[in-house]
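Quick setup: one chain, the form predicted on its own, written in C-alpha cells, and binding and motion questions come after.
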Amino acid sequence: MLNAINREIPEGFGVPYSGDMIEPGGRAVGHLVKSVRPHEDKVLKSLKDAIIASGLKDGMTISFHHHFREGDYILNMVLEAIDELGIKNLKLAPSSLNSCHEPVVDYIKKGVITSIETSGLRGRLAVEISKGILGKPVIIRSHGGRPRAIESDELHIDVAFIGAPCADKYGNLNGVYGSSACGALGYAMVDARYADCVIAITDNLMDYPIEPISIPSTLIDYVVCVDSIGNPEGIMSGATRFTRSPKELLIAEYASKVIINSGLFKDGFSLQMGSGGASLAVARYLSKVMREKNIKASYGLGGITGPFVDMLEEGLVEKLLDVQCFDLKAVESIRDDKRHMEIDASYYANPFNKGCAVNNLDVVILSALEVDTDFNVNVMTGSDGIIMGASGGHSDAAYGAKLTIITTPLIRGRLPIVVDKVQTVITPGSSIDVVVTERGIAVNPKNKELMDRLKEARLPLYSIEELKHMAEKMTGRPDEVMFGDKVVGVVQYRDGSIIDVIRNVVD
C-alpha cells in the first residue's frame, strides 16, 4: 500500500505514515519493582557474572547507548561475553551503531544477534545489513521515536548495559568525570528507567556518593569495573568540524541570512544546530549579528558543540539543553556550568509526552544526504542505496521547529543531492521550510511568508526543481540503484507509523 508520501509499504510492517501525527493513548509502562537489602554489594567481579545475575536468556532484548560514538568499547565487550556464555537469538536495541561495531557482523552470523532496532548504522555492519545479512529487517527510529517506543513497551528492554565514565559502588552514574568522560548521558537515562535489569560498566569506580548524579543508584542493579570503556579520541573524533571550504562557508552565509530575515531572529529565539562544518560556520555568522543587534537566544538544544558553548559563555545564549556532548569543550561545560543542563532523550524529542523540548524550537539547522522535489529528506542511505547514516533527531526537530533549514551542497562527489525522489525518506517535506545550497535557496511553497521575506532581502531564490536541474546539468542523471525484493530496514516516523522501507541492494 502507499502511505501519505506515496512510499510503498508492504503489508505486515506496521501502520503506514498518514501525513500527520498519530494521537497517543493508554499509559506508559513502568519498571520492575525491586529492592536491595542494607549494605548489599552491587559491584560484581566480572561482566560475565553480571550477565548471569541479570537472568539474560535466549530471545531477550539488550540495549546500549552511543555517547562514546566511534570510541565505544562497551557493546563489543558485552557481546563477546554473551557469546562465550552461549546465549543466542537476541534483539540488539542500541540508541545508535557506529563503524566501531563491525564485530556485530560476526555475532549475526553466529546467531547471537538475530534482530536490531536502532537509530543509525555505519561501516561494514551497515553494508552487510544493506545486502540482507539479517533475517529480520532493522527497525529505524528517531531519537524521539525510541523513547516513545520504550515507554509504550513497543520496545521492551530486558537488560540495559550503560557505559559510565564515573560510577560509585552503589550505582550512581555520571558522564563528566574520568578518562572516558563523554558528558551528557541523555540516551542512557531512558534505558535505565525502563529496562528490567540495568548493568553499569565503568572504568572509574568511586566511593559513594559521587557528584553530580546523572543516573541514580535506584535504577541500577549491578556495577562492573573494567580496564577501559571507551577511547577518548574516538569519543571526540569527527564530532565538531570547522570548515575553510568556500562552498560550506557560502552555504552558512546564506543560511544565516535566511534566519536573520525570517522574522524569528529576535531576542529570546531558540535554536538547534548540528556539528558539521556549515552548521558551525552558521554559529559564527549568527554570533556576529547577535552582538551587533544585541540579540540573545533563550536556549540552544540537541547535541551540544564547543561553538554553542562559546555562545553560552559570551552571553549570546542563556541556557543549553544537552542530550549528547559532541566535543571535549561541551563535556567540560556541562560539568562546570549550571546553565548547561543535561536532559534525557524523552525530554528532548519524544512526541508522546506533555512537552518535549523540540516543540519550543524557533529554528533548526539540519543536514541531508539527499533532498527531493517534494522536500523529503534522506539522512539514512547513500546514493548507492547502502545504509550509512542515522535518523537521529532529524524528523523530531524538523517537526517541532517553526523554521527548519536544510543545508547541503548541490552536488557531492559528482552526484546531485537535489533529486526527483530520495532513496529513503526520514523527514517528510511537510516539515521542511527551506533548502540552502551554495548555488541558491529553495523555499517550500507552503511557507509563502518566508518566501516573501527572503525575496525582499534579495537572497538568491530558486524553485526546488530549478536546483535539481542545476545539479543535473553539472553531473548528469545518475543511474538508478538496483534493489532486490527483501526489506532490510523499516523506517518508523517519530510516532511509530511507517514512513519508508529500505530494500536490499543488488550487486
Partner chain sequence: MRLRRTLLYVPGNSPSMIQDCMIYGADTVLLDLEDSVAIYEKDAARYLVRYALQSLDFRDTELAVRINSMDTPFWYDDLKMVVPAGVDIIRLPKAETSEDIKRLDEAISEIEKNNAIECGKVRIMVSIESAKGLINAYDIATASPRMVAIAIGGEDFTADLRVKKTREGRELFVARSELVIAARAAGIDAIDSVFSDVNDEEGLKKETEMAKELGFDGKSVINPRQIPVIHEVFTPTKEEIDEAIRINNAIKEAEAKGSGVISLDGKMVDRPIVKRAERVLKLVELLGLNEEERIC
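All of these numbers come straight from a predicted model, not from anything done at the bench. Numbering follows the first chain given and starts at 1.
Another form exists, predicted in complex with its partner chain; not displayed. Remarks below refer to it.
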| item | value |
| --- | --- |
| Which of 129 to 137, 67 to 75, 373 to 381, 433 to 441 sits within 4.5 Å of its partner chain in the model of the complex, heavy atom basis | 433 to 441 |
| Its partner chain in the model of the complex: contacted by all of 48, 50 and 169, heavy atom 4.5 Å | no |
| Close approach of residue 354 to its partner chain in the model of the complex, 4.5 Å, heavy atom | no |
| 4.5 angstroms heavy atom contact with its partner chain in the model of the complex for residue 244 | yes |
| Partner contact for residue 36 in the model of the complex: its partner chain, 4.5 angstroms, heavy atom | no |
| 4.5 Å heavy atom contact, residue 474 and its partner chain in the model of the complex | yes |
| Contact residue in the model of the complex, chosen from 411, 343, 388, 108 - any heavy atom within 4.5 Å of its partner chain | 411 |
| Answer option from 181, 264, 249, 219, heavy atom within 4.5 Å of its partner chain in the model of the complex | 249 |
